[in-house]
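Encoded as structure tokens, the following chain is the form predicted alone, with no partner shown.
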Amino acid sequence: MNFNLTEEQHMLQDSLRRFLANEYGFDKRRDIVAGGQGVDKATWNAFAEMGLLGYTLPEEYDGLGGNGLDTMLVMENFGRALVVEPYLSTVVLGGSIISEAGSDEQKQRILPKIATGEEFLAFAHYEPSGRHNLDYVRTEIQTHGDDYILNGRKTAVFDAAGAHYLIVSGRRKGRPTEPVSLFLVNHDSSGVEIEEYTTHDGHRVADVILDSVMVSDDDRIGGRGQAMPIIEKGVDRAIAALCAEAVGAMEALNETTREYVQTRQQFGMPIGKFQVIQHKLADMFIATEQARSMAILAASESDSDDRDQRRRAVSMAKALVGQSARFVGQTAVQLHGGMGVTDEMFAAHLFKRLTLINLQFGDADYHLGQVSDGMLKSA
């Protein structure tokens, strides 16, 4: 497979890097986080004008028909600049789920508005006590004539407060043996309560309480009780995107650490002159390149319909990227000394983001277990 960027991808990457360097500096990012909305509308509109929001959506719904490697290109650059806007929630997760399994009416209604930046989505699936287990769903679905009533609680839903639609999973009567269904729930539906809070890396998440929320059969995504393959594929795409974001953040952390050790003086010379420091920088670079190789593997498999192959590639990547992110982050903080954990340093925020990426959708230990279980099953 050819992993060289096409001319169009090179142009997009150059435009995006230039835009983020000029318009999305560290101070701008801090202002967006402090504003508490989790999105800067002008920036989001600029992403739409650049074609980023429709980059991977189907062409027939105003998208450009991109694939997992295109998502990787975007997310790697977002990782370098620590972009907080809800691209992962709205485009990668929400957009791909609607594209994959939504009805024609849902696609016509929602996808073009994602591409133009008018509407946002959030994926409300994980529940308290479920940890990273995708199959842990206790939200209850009851039939009510031709409609459904949802009751349950979703936790750590990224970008829920600003989303126009929540993509909600549930089971009939909440029984763990029942198959899972997915529904589109309007943000302002009666019975939807959102308790929002901020993660320590500045992203906006929420617990979503569903109290007798009424949805119709037209709001169902995919077949009744057939949602788990849709959920798995959407989450796998999101994990591959997160791996790419982590690579971008590690790359930026390597750069800012290298600049720091070239300026900080000790014994009358920059500490970057010492061989032990150079060895640590080399180890950080190698760890980042190893992570990049696995992120490419995950991105190239993220659109595959071969469930086992896709899940194995994504878990392998998430495990190694998580280990690399932890090593690069901790080493960078060590080389910065006490400065590395202060709020004024860009490096500290990169480390925070890498720490959260490692936890989101399962940490390195969880995904190592997934790989191990898969090998045992196939033995």
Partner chain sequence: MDLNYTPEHEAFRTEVRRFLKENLPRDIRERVKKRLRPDKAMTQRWQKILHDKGWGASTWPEAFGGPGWSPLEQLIFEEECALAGAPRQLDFGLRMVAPVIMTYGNDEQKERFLPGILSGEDWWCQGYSEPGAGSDLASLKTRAVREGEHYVVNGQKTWTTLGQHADWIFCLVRTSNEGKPQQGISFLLIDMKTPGVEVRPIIMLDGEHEVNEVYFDNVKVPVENRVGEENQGWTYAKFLLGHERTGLANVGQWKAMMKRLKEIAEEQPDGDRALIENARFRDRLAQLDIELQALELTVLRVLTDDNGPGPQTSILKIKGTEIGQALFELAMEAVGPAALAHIPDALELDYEGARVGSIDATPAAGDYFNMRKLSIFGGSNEIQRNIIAQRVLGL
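Residue numbers count along the first chain shown, from 1. Computed from a predicted structure; not experimentally measured.
One more form of this protein, predicted in complex with the partner chain, exists but is not displayed; see below.
Asker: Against the partner chain in the predicted bound form, would residue 212 count as a contact residue? Criterion: heavy atoms within 4.5 Å.
Answerer: Contact with the partner chain, no.
Asker: Using a 4.5 angstroms cut-off on non-hydrogen atoms, would residue 281 count as touching the partner chain in the predicted bound form?
Answerer: Residue-level check for residue 281: yes, a contact with the partner chain.
Asker: Find out whether any non-hydrogen atom of residue 228 is located within 4.5 angstroms of the partner chain in the predicted bound form, and reply yes or no.
Answerer: No.
Asker: Verify the contact flag for residue 72: yes if a non-hydrogen atom of it lies within 4.5 Å of a non-hydrogen atom of the partner chain in the predicted bound form, no if not.
Answerer: Within the cut-off, so yes.
Asker: Given that the partner is absent here, state which listed stretch (213-221, 291-299, 232-240, 190-198) has heavy atoms within 4.5 Å of the partner chain in the predicted bound form.
Answerer: Careful reading of the contacts points to 291-299.
Asker: Which pick from 161, 261, 115, 184 sits with a heavy atom within 4.5 Å of the partner chain in the predicted bound form?
Answerer: Only one option qualifies, and that one is 261.
Asker: Among 273, 153, 172, 109, which has at least one heavy atom within 4.5 Å of the partner chain in the predicted bound form?
Answerer: The option sitting close enough to the partner is 273.
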